[in-house]
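For reference, the chain that follows is the form predicted on its own, supplied as structure tokens.
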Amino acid sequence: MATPSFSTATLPVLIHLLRGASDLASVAATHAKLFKAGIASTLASSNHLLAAYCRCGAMTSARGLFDGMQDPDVVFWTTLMSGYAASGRSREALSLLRAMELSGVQPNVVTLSTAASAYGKAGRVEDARAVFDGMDAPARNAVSWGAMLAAYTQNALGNEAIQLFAELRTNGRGLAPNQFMLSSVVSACAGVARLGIGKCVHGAALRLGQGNDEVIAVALVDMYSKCGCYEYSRKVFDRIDHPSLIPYTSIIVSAAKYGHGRWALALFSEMVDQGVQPNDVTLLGVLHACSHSGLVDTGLQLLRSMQSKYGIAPCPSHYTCAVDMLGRAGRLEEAFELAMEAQVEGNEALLLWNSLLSACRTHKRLDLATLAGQRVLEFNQDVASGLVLMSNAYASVGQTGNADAVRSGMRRRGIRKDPGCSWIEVKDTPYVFYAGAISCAGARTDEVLTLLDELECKMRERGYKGRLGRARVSDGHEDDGDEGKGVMVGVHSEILALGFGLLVLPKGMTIRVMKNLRMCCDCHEAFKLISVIVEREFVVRDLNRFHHFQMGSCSCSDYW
């Protein structure tokens, strides 16, 4: 019997090493051994080498290997494309697709799925859909559907992702969704606050035996949180065995948004005690928790110790959150000093100074508001919020002339803030309301207005001085937006959504309202009073956090 040659005996061993390699050094060492054995250029060796380099993110080495091949087939082209896509280099992946087509190599379903994913990551959703639609229906597999679902979700097209998932369930030829498809559609539901559909997908995951998958669980924690069901978020989290960094971060961020500051800190301590190392997002979540719960000194201590304790240097988002935290507490001089210390630039600086300007308006510190406003005006775009805040700051101290001048300047320059809107989900259908625009209620418009008139009368008996009903309905927008001071034209959108919800949702059901701006003080007081009058619970998600109203009180303890 002939003794096997060195190359024949060595190849399976080296390929096994390549399959298990997780770092560039190991891959390069195995490559050298293959080269020394004279078998580096065989089909099997080249394929496994290319995949290993891509898996390690060593795309320069992968491209060098690929360019040295003669007439690479569709597998090699697709492997390199996938490597670029996985490394976040979507443009290179798509460029490779065009080069592949020019070379005469026909893509297969894996190639097309990779292309759809790359288009999605590059923000070219229509191109991703064109690739998906161009596939033969029988050829579409889990990767194809998953890539298209992810493309929609990653580009904030939640409703389109939900619709595509419905197509999968009806036209997917019996293909069962995997954990990545399910997590994508759950994330889509979170983005557009579609609680009903999110619950249905959760049910599907349980029926498919994937209820305990961590990828799906993290998406569910986020979805229930963003849809106003923190208790459900907590239940999903508690069922995760040995949660890792991402689940812990998700539940900490959720607790922060609901104002459960001490609970978020307890979760953070538990996480660290379990040996889970936090990242910058985890620490940002803890800072938010401190900000929305008045735990200022605890938050500042965390900011100052991030580098020494966890090896994470504070980034602009951490400084912005800390400035916001100090501003909410009325410690404006400290907030201003920290803003100057941060030396933040670009859009991050705009967010930081807008945050400080908002706090100055709330605490009627026109001197510091003027300084913060000057910083905001240095930017050439996205200054509408800052200008409205500046106008409100003047109005809050009785300087109506200056407030009007700011508004007039905005009109001359064509600057307009995004209109405030609120939406409520009824039987899996969202109803969107704008300030003073009641048409979304359809045939029940008059009923909504009559109900608001009745509520206003009962609220006045309890000392309420605002207006809810018919007298204030117009075609206005919430230009006073996230602060709710100054001239308010029309009934605010969350009041209209609440009135509609009280009519159409069964008694005993919690009414959940989502809003794109910060809830104003007047509406906040109105929701508290109405919760007592009608004896119902309301949950409002505004730009910054959640408010849970029950029997005249709010979970934020009026600190937001």
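A residue's number is simply how far along the shown sequence it sits, counting from 1. Predicted, not measured: the structure shown is a model, and the values here were computed from it.
Not pictured, yet referred to below: the form predicted in complex with the DNA.
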*asked:* Checking a candidate spot here: are C421, S493 and S531 all in contact with the DNA in the predicted bound form (at least one heavy atom each within 4.5 Å)?
replied: no
*Can you say which of 196-204, 115-123, 160-168, 229-237 gets within 4.5 Å of the DNA in the predicted bound form, counting heavy atoms only?*
115-123
*Tell me, yes or no, whether A58 is in contact with the DNA in the predicted bound form, where a contact means a heavy atom of each within 4.5 Å.*
no
*Report whether the minimum heavy atom distance between L267 and the DNA in the predicted bound form is within 4.5 Å.*
no
*Verify the contact flag for N178: yes if a non-hydrogen atom of it lies within 4.5 Å of a non-hydrogen atom of the DNA in the predicted bound form, no if not.*
yes
_Residue contact check: H288 to the DNA in the predicted bound form, 4.5 Å heavy atom_ = yes
_Contact assignment for the DNA in the predicted bound form, among L371, A142, V272, V432, heavy atom within 4.5 Å_ = A142
*in the predicted bound form, which of the listed residues (N354, T298, S82, S90) lies with a heavy atom within 4.5 Å of the DNA?*
S82
*Could you list the residues in 279-303 that come within 4.5 Å of the DNA in the predicted bound form, counting only heavy atoms and keeping sequence order?*
N279, V281, L284, H288
